[in-house]
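Below, in structure tokens: the form predicted on its own, a single chain.
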């Protein structure tokens, strides 16, 4: 299918994604509840910082950071790895392959279609952050908003493409869900989801700066809370989009080679 035809099909795919998100809103509510770890960490770290600041973070800084982390987590989530695993094992991937558009566009549209529903959670939390700890809870400049939105999209792309790459590995092995569990464990430690990356020792901080995890959550959170000046933010965005490009090459390479191994039988 040509790029032009794909672009023409995308609005329909997105409408289907929104409809599915509305139909399965109870399931999405459960998913939101399962991603409240930043709120738990906020209570923990603000209690610690009440005695004395931790690094550059006081109590209000932790409130600002973890509310932003909760918002960013909602907007960068993806679940394509589990869908691909399931459809490869059940053979239902064959139904997607019969359509005149790559299944990857379908997975992306289903993930993005959930965004309007997530805004019902994100907007009140962001408003609460502004009300409780001030306007530094959101970008204070026009370029800050632009960089934040670009980083948010970049964070979602890295998450989605990693999901595609790991999900596609199920075409090479019985199941790749355990690999996804390993990735998630590293993600929780290195992404800034449980604590700010700034709190790592310098050596670990240098390593984390070159890994993709920080650019899934930590960078959008830092840009949302005005942690960087223009030049530093631009450099970090460059690193994030290098990871987007690298993950795009890896995931498409694995997908195209893996499809040659796919076989499904009807009964």
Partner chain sequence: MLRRYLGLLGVQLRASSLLAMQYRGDFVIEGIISLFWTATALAPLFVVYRERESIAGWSFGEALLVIGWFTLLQGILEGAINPSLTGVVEHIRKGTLDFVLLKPADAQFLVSTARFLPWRSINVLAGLGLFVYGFRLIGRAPSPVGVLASLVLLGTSVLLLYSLWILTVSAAFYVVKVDNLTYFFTSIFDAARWPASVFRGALAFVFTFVIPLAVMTTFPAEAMLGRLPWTSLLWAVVGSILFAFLSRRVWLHSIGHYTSASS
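Computed from a predicted structure; not experimentally measured. Numbering follows the first chain given and starts at 1.
Here the subject shifts to the form predicted in complex with the partner chain, a form of this protein not shown in this document.
This chain lacks the partner; the member of 234, 211, 242, 48 within 4.5 angstroms of the partner chain in the model of the complex by a non-hydrogen atom is 48. Exactly one of the stretches 180-188, 95-103, 150-158, 136-144 approaches the partner chain in the model of the complex with heavy atoms within 4.5 Å, and it is 180-188.
For the chain shown alone, residue 40 is a contact residue for the partner chain in the model of the complex, at least one non-hydrogen atom being within 4.5 angstroms. In the model of the complex, residue 31 approaches the partner chain with a heavy atom inside 4.5 Å. In the model of the complex, the partner chain sits within 4.5 Å of a heavy atom of residue 194. Looking at residue 229, you'd find every heavy atom of it more than 4.5 angstroms from the partner chain in the model of the complex. If you check the partner chain in the model of the complex, you find no heavy atom from any of 22, 124 and 172 within 4.5 Å.
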